[in-house]
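The chain below stands alone and is given in structure tokens; this is the form predicted on its own.
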């Protein structure tokens, strides 16, 4: 039995012969094969093949590579030049088709470029933080009857506990963004100055937050800027506004005119990048700060966000389950001490996990926290839209190229007859498509530059074309070549496949195969376009529904006056002065309002006497005044409002339907005694029941709420009844200037603030609308080109029909019908796709529209009308053309 001789990989050997200088091939190949055989005997075939690959790759270097010289070089250059000349002639000869191809390409590429900039910006959030790979925030995951509720508020000692108990945590810090603690907008006044400045946003933070996020400092020392009590840091833009041209570190300021607690400026930070979830203007130190006696040691209140830095390489999956030990060690004893009978069960349902800070902006929609966020779903949606729009432009190119194939058939046949190879023809057609693509890219960059400011307005961004970045120009160039190849590949192979004999004998099939492909591509184009149209309609209707929804309170004609805590101890005088204006119907002072960005205070509530029996219900605890319900138009279902004449109302409370239901007193709420978990457990008597009203985004259900008399003085809401809003505001300003001289007069409209809650959704709607319009424009461009081609091809038939007495309407119907068939098919395909996608999107809303058949019919009719108008222009032109002229042209 003989053993076969091992042989090197044939494919690699061919590759070597392809690139190697023919004069060296024989000698080098012999050595290569000999080395391979020796290695195969000594080390085995597998190892020998691996080393053979290495040898072939290493030999690919100057001196061995096949030279391109002399006639060969000239021929290649000449061919390229010839291809370019032909491409230029084709471009100029068929100006309309060239315009459609290049225009569609340019629009598609410009849209892709803008979307790419948008997506790149969204994905870059918080990547600027030094060491962000090891920076996390803590998330509380509570299992409530199978529903996982996720939030990020923790007790004051939580941060220190996690740092002490887990060696993987090298540093932990806290922030407090609660408006009811004073965070948010405040007056700031420089010592020695009389003028207050109403500024935001204020956030409480530990010194450790500066160490964790490593903010860049302009003035001061990062390591101690918040280390002392009663210090604060501010951003550069605020420092330049308040202390122009000077270093303010060490200067004293007062917040809300409180001279008993002066603050020293500990540092100035560089302005925060817009691509960060953490946005503020001022950081107040938490060092030495206690919001009530014993607050910092209490495990009963949850008002702090907790951030941690981990040792590099920490196994998060292994660490997360262990974090529950904090609940068992610290929270469980407190709950038992308070007599909570369900403490053990609650601890089982509670777990903690760590979330990368780089995921907060895009991947934490299900987590309740105080930050403005986006959604990773939109990144995917926009990415798909960009691909679709670019695909539509490529389809136009393919469709028009194959449609015009008959015009190039003779050229192909002649060139093949005189010796041109198929590869040369493919190269020529690809050269044409790449030329179109390069021109389109140049135009696209111009379009993107012009449109970018408007796109920034739509998206709420400040995007710029990255001319100075090294990757931009090369990426654009190679992308244009790649897209040119992708778009031109099918037409190149299709056109180069014509048989010369058939072409020259006039037996060339007009391409039924290509016609089917064109129809399929048109169906794809309009399917994508109709899905976008339906999506736009659904988003538009949902936004209209939200903005005009019956929220259970009055937001129209309500002016919100900010900064009213400076009025001090005379709020009643202020309200009375305002009410002297006839156009003012009612005035209330409260920081707690049914729009986001205002104060919130979550508590646990029980029916009195059940605190050691029931688990308690989570609900809001708001401070309002006597005129709150009247000013905001809330509907009192049972009982009464607060009464100035009844002193016992200091322990009275008004609840909403959800709170009554949660406490099990919905049948007879008036007179019920309830209590909450707070520093001083007060028993409240329910005197009123209001209809549920929305005080969160309409993506969430109404939550339990209780309202009691209290002092929350920073916002005054004024209900007006006037047609001359400017004059009424002028009257309010006069009262303000009398009551609060030298204080900024700042007002807003409540309905605008309500709409602002949905600005993110509205931006998505505007962007989606724009993209849908562009998609339909690109699709119609292609349809228009095909209709022109079809009319050209059938001009003789049309002329004969007209001579024989056909009516214009018959000709138009005949020409339009063929194009409408794929549009109908696209509508059928698009309907279930759009329904599924938009149903998924609407599921994010607690209150939403229901999609109905009329919506799809309307979207379909819109697409059909647009397509019909596009086609009809050419159909009518053909129908009104003199048949004599048509026949003469034939």
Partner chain sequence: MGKNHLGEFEEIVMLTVAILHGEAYGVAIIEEMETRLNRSVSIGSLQVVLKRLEDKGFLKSELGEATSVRGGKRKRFFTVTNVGKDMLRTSKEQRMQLWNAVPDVALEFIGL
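Keep in mind that what you see is a predicted model, and the values were worked out from it rather than measured. Residue numbers count along the first chain shown, from 1.
There is another form of this protein, the form predicted together with its partner chain, and it is not shown here; the text below is about that form.
**Student:** Of the options 40, 28, 851, 837, which one has a non-hydrogen atom that comes within 4.5 Å of its partner chain in the predicted complex?
**Tutor:** The option sitting close enough to the partner is 28.
**Student:** Pick from 855, 833, 842, 64: which has a non-hydrogen atom within 4.5 Å of its partner chain in the predicted complex?
**Tutor:** It is 64.
**Student:** Heavy atom to heavy atom, is residue 829 within 4.5 Å of its partner chain in the predicted complex?
**Tutor:** Outside the cut-off, so no.
**Student:** Does the 4.5 Å heavy atom contact test between residue 18 and its partner chain in the predicted complex come out positive?
**Tutor:** Residue 18: no contact with its partner chain in the predicted complex.
**Student:** Is residue 846 a contact residue for its partner chain in the predicted complex, using a 4.5 Å heavy atom cut-off?
**Tutor:** Contact with its partner chain, no.
**Student:** Tell me, yes or no, whether residue 864 is in contact with its partner chain in the predicted complex, where a contact means a heavy atom of each within 4.5 Å.
**Tutor:** No - in the predicted complex, heavy atoms of residue 864 and its partner chain never come within 4.5 Å of each other.
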